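Okay, so we've got a single protein chain in two different forms coming up as structure tokens, structure 1 first and structure 2 after it.
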Structure 1
Amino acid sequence: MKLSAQAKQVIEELKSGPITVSELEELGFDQSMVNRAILELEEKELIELEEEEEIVQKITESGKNVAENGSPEYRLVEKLRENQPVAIADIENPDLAIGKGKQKNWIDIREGEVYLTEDGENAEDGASRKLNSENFDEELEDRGLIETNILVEKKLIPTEKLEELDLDDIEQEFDVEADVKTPRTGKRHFYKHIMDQARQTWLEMGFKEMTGEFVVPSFLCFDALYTPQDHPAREMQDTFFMETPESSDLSGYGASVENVKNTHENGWTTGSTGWGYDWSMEEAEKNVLRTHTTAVSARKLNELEKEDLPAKYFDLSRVFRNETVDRHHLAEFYQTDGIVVGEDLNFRNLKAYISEFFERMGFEEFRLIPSYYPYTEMGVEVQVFDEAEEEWIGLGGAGMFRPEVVKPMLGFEATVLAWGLGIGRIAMRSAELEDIRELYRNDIKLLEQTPKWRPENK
């Protein structure tokens, strides 16, 4: 019997039993190749086709809105919790909000005004929770928040004729134009590949890599970066505080601890007024999971000596935020931090480093716009222009470290250019992801099929 190369390869896979078209695709066969092979094998009565239906559910546009902002009825409840009653005319999306709210017995309407019921007081936003946890049910479907599609899956069933066939008897028709099966290979993770490229870029620009620890004292994460001890970023909801080990011994930072204390309290010898409050050692000793890689930069400043200058360092690693994980938020992600430390550096130099980095990462246009961090001045947000989407996207912050950061940690005056940038969004665009959790989910199909990112082909 004569068979094409592609049909023969499909037969190989059929040896272990029936197989579906998508399983074949997963194994590296491309779709047109599979279709041609199916026609050929059916004609020779080597296979029979069986069709199976698979139900696929996904979130619709209005579902996404509810997942992000809450359902209309729950938004109404929140509004009522703030202040009630509310006139019907002042309600956003009133048909849905009131209809559903009444149905759930969350609200009560008296004389054209809406009140919260006891059930409403204790209501939780089930719709948005179910959407975010992908726990789909009929109610979501009825509301058009999810849509269900039935995919027809073709399954190839080997016939008796195929089973009796001796594979060695098959003559292969050689078709140089046909696609063959793509082999499975070992491969770097697509996100790690982008990080490797970023790391490579800093190295090409002459930077040395610095590394640091996940768990750091608040001193390094906040105090050394001139973040006052009552700053909202230090409040429980943003930062992971450690139970084990609870606190750090700061004696390794030498005089810097006293310098930082004095700088916060009265400016020390930095030429600043300081924040003007009583600095607490106990607060500085508390261990946290670092919320930014700038903690690594702060540590490096503490290690540098005058004769090391000028010096430039980068870091690319994980940071942590105590957030509820959903399609837009993660409890950990990556940042790339950089510092350039010297006697004579200025804001124009900062702009040059950032522009060079992003140009090498494939972005032709970038801009700096005013922003604010307690530890930098100028404080800027870095944005690059995404040509595909025609929009500016924010990729992180940058600036010059304040003298209140530099002198206490370094021990002498210097100018320090600094930045902390995110590259997760580049990875999401490259793999065409809408859910940020996919960067960590390791779906084998996604890992295998995402092409290598190249800056010139971002």
Structure 2
Amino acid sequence: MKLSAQAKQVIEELKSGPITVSELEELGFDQSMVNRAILELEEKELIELEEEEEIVQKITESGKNVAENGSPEYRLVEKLRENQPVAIADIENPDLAIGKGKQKNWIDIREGEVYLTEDGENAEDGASRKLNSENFDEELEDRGLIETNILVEKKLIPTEKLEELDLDDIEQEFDVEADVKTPRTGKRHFYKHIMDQARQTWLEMGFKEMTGEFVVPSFLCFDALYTPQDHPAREMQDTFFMETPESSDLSGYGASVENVKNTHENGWTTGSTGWGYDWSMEEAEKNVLRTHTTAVSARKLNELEKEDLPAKYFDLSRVFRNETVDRHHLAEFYQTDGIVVGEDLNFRNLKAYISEFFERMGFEEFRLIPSYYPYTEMGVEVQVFDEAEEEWIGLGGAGMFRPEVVKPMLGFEATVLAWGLGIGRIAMRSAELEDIRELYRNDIKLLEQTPKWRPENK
């Protein structure tokens, strides 16, 4: 029998019994050399390969903070127990604290102020308790308080054929005239197919595509979306700020800059009271890698005139966040944003557009549940049902832009329906992946076995 030198070396170790790839590496074997030897020995039916998965969970930096100081929603409850009501502007980490607080029916919001409910008076901090007792569950993982990694260990099992093989009978010569298999032909990545399908779906629904730069001023990414300048999402741990170019000139956005400034400070003519602080031009000029494609929607609003309405636009492109990378999160990923701008629009229209998109993408079960975002009122989370896991998974947010977003950027009053959806989660479902990082690992077996995205292939 003819075998390569590396395959023969692995066989010598297998004469003592099954051995794992990790154990071979500890003996000094190179990982790529071991992988080549495994392919060769499997082809010769000298080994069988077993894969064992080990799930490893650990607390993230955010989780350590919650374990030590309590969850944002519970800290809000403690604040309300001392003195209520509390203005939204005075709440630490308001997105999480209010969103989770309302989800658990611990708080109620009336006229911009937060009150404690009867459930909130008896609330306990389950997130902190579970972290400290290491009683990890899916809720902690969904909130990014723990991360889960799946370690795969390969074990080489010698077959009866190998046990009967005499090492002296192995030849190490290379046959340069041996028949070889036809090389694999190229194939477009299934993730690219899904994005093309999403883009085509929006176009067929009458939307025009809008595009934007990856590097944008904070004005577009935050200020124009009525996100206060002291909002925690703008901090270094959530956003990539640019060193070069460090800032942008905002004069190209015309009167919108002054409109946004006045809206933040006192509500301007939007009917709002604003956030009540001194808005900083320097802060708004700071460049960032956009954290969401809604920055593109904000710029499009600034470009539209009254005679352009009604208007429908979508964007499908990359965004960047200073996230802890785990099986559910990446620092760079794709989103698809959409806006519908007009006068006679309502929440029913928003639901219809999103329903039409997901039905055309092949989803049978999806739903909208109430949620909170600084720039929408009402706001909802879009969820689809994962049949394999038998659970609902969130794909992004949607809602009707607040007047504090629309009028400053458009220059006049209108209704804007808006949404931002994660394409990566859809791709994970298509390929039946448990780890979103697999989308970028170019596993040949996965690429060959995953069909291109079509509704009938869901």
Partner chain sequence: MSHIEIDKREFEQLIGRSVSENELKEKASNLGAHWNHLEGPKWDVEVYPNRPDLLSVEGLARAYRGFFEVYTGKEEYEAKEHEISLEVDSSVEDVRPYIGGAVIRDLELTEKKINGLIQLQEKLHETMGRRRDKIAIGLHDLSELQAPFTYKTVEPESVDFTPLEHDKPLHLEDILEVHEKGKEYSWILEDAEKYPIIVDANEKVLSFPPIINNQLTEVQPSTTDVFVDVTGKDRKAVRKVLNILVTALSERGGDIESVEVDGEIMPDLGSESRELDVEYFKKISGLDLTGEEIVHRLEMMKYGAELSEGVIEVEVPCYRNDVMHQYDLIEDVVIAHGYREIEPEMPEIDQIGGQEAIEKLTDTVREIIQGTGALEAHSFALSSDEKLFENMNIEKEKVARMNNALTKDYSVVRNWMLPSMMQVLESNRHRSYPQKIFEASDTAVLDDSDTGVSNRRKLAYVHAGEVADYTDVKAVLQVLERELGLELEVKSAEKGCFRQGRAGDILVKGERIGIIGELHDQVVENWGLENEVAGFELDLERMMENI
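Throughout, rigid core stands for the largest set of C-alpha atoms superposing within 1.5 Å between the two forms. Start at 1 and count along the sequence of structure 1; that gives the residue numbers used here. Bear in mind the structure is a predicted one, so any value in this text is a computation, not a measurement.
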Query raised in the report: So which is it, 1 or 2, that shows the form predicted alone?
Result: 2
Query - Rigid core superposed: E258 CA moves 2 Å or more between the two structures - result: no
Query raised in the report: After the core is overlaid between the two structures, has the C-alpha of L96 moved by 2 angstroms or more?
Result: yes
Report task. Take the rigid core as the frame of reference and indicate whether the C-alpha of I109 shifts by 2 Å or more between the two structures. Result -> yes
Query - Core superposition result - C-alpha of H328, shift between the two structures, Å - result: 3.2
Query raised in the report: D125: how far does its C-alpha move between the two structures, core aligned, in angstrom?
Result: 25.4
Query raised in the report: How much does the C-alpha of K445 shift between the two structures, in angstrom, given a rigid core superposition?
Result: 4.2
